[in-house]
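Presented as structure tokens, the chain that follows is alone, the form predicted on its own.
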């Protein structure tokens, strides 16, 4: 029997702040940029469930968040504290199974197949994980349990916060059928429109459609989502995850600017910070991407791929400046810039097992 856990910390950044400041409990806590009385720039990183009741969510402009919830507790992120808390949590999760895969700072998979004889036993262990993390770290997490990674991930989001959701194979179709298709990893806002135009609105519509029709209508993506909802996602839980293909960082200017010396300076600063992380973990890359957002939130990305893997800070900024040239005559001020390095490879010259863990910038 295959039993996979997906462990997902609840409103992680906000939960850590509430743990350390009990006065914040039951209040709308928003982690992100300084709202500056509704004139701030940047976005919401995360927010508590109390804040979500006012319509706030991750990646919302902080100015809008302030308009919707001016009485909220607005806090700047404390990344060092979050990383340390994450390490404590992941050590506990990993102690329940050696087959462990961390996904970012606040979620992880466990393969419990060799440990649990049944889903009933799995539920008992899930409760132990929750209890130990709360007792030792002081925050909560939700756990999804299923026979595949993708269904476990969907399940972990089903009963938040501090929930446990078990999806047995025989219950999978009933559990999924009424959910919106965007709950499936691989279907985002853009692909949702295309699916909707072709009569696919709920996951149940996919379950009812034969595989060959999904493949004909939606190609490889259709094949993937059909396999997911039918329990055929057999990806293994492993320390190195192929899903992590890039590392990126972006910054919003305090005021929109058309001063390209200021823009390049900001890109150099971003580039330095990314490379400091990459050097520590001995990570190399092939593809360099510029992200640029203008006033009015008009956003563009441009990429260039090298012939071989590199880790060369100077080369990256040369490529970024070349990509930036396309936008020099746009006659609009710039709101945000970012750099993404992708097609990653770890430690080309040496074997290393501690791969992309904690690469967060």
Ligand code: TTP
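All values reported here derive from a predicted model rather than from experimental measurement. Residue numbers count along the first chain shown, from 1.
As for the form predicted in complex with the named molecule, it is not shown, yet the points below apply to it.
- This chain is displayed without the named molecule, yet in the predicted complex the stretch 55 to 63 from 323 to 331, 22 to 30, 55 to 63, 301 to 309 comes within 4.5 Å of it by heavy atoms.
- Between the options 115, 237, 209, 105, the residue in contact with the named molecule in the predicted complex by a heavy atom within 4.5 angstroms is 105.
- The closest non-hydrogen atom of residue 11 lies within 4.5 Å of the named molecule in the predicted complex.
- When contacts are judged by a 4.5 Å heavy atom cut-off, residue 49 counts as touching the named molecule in the predicted complex.
- Within 4.5 Å of some heavy atom of the named molecule in the predicted complex lies at least one heavy atom of residue 45.
- Using a 4.5 Å cutoff between non-hydrogen atoms, residue 172 does not count as a contact of the named molecule in the predicted complex.
- Residues from 141 to 172 that approach the named molecule in the predicted complex with a non-hydrogen atom within 4.5 Å are limited to 160.
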